[in-house]
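Here you get one chain, nothing else, as structure tokens; it is the form predicted on its own.
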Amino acid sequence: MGPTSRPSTSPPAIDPKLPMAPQVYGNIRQSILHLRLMPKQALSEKELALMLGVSRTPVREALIKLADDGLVDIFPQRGTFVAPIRVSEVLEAQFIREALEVSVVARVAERSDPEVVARLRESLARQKRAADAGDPEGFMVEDENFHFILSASVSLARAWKVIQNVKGQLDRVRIMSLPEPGHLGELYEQHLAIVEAIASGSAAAARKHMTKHLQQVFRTIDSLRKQRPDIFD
């Protein structure tokens, strides 16, 4: 995926011409992250296989991998369930993400490449349209793209892959918060401040604004735990 590629929030259809296992894994993972499969919900291999139009074997393999990701709990003799949102894991993912992305954005600002700034501004324009339209899923797509552009633009795409691997629990919290009134606009303004810091070549300002942006999740966790204590652990 290139620097301007845009990820999708909708689970892709299974393509029989492509390897089955990674598609099934990606489909179920997206359904968990975007709360189409809710925390603590029981999962049936048979039902998932029927829903996806595949055999039970790739579903079983996907669930085992998702358990390794911390997004599924498998209990012998009891069944398989979507993992609750574990605050300790959200905070750990936040720590890792902040450590990496704050360093990434400082490097981007030091280079202050006009082409990168232009791509980030294009992303901002799409974010603004999604925020104005009250489209949280569209905003999430562009939010992911925005952060990917930063890592890819300084040849640190693998850093973004590391972040992706650890932030499943974190993403569910982020996605739950998007429909809150004014939240999309607030995130847009934080992204705008990051881009302005990059455009001005100020690594210190970029680090400050990225830190503030990523630490938004602490406030979000407190609010969501009060609203939905049943899905947290």
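Bear in mind the structure is a predicted one, so any value in this text is a computation, not a measurement. Counting begins at 1, following the sequence as shown. Take the two forms, superpose them, and find the largest set of C-alpha atoms that agree within 1.5 Å; that set is the rigid core.
Keep in mind that the form predicted in complex with another copy of the chain is not shown, yet the notes after this line are about it.
With the partner removed from view, the residue among I74, V87, L124, I96 that has a non-hydrogen atom within 4.5 Å of another copy of the chain in the model of the complex turns out to be I96. Interface residue among E180, E61, E186, E196, judged by heavy atoms within 4.5 Å of another copy of the chain in the model of the complex: E61. Only one listed stretch (158 to 166, 141 to 149, 127 to 135, 113 to 121) carries heavy atoms within 4.5 Å of another copy of the chain in the model of the complex, and that stretch is 158 to 166. When another copy of the chain is considered in the model of the complex, K208 lies well away from it, no heavy atom lying within 4.5 Å. Taking the partner from the other structure, another copy of the chain in the model of the complex has a heavy atom within 4.5 Å of a heavy atom of K65.
By the criterion of a heavy atom within 4.5 Å, V104 is counted among the residues contacting another copy of the chain in the model of the complex. Applying a 4.5 Å heavy atom cutoff to another copy of the chain in the model of the complex picks out no residue from 183 to 199.
Superposition of the core reveals a Cα shift of 2 Å or more for E45 between this form and the one not shown. Residue displacement note: I64 has its CA displaced by at least 2 Å between this form and the one not shown (rigid core superposed). Superposition on the rigid core between this form and the one not shown places the CA atom of S55 2 Å or more away from its counterpart.
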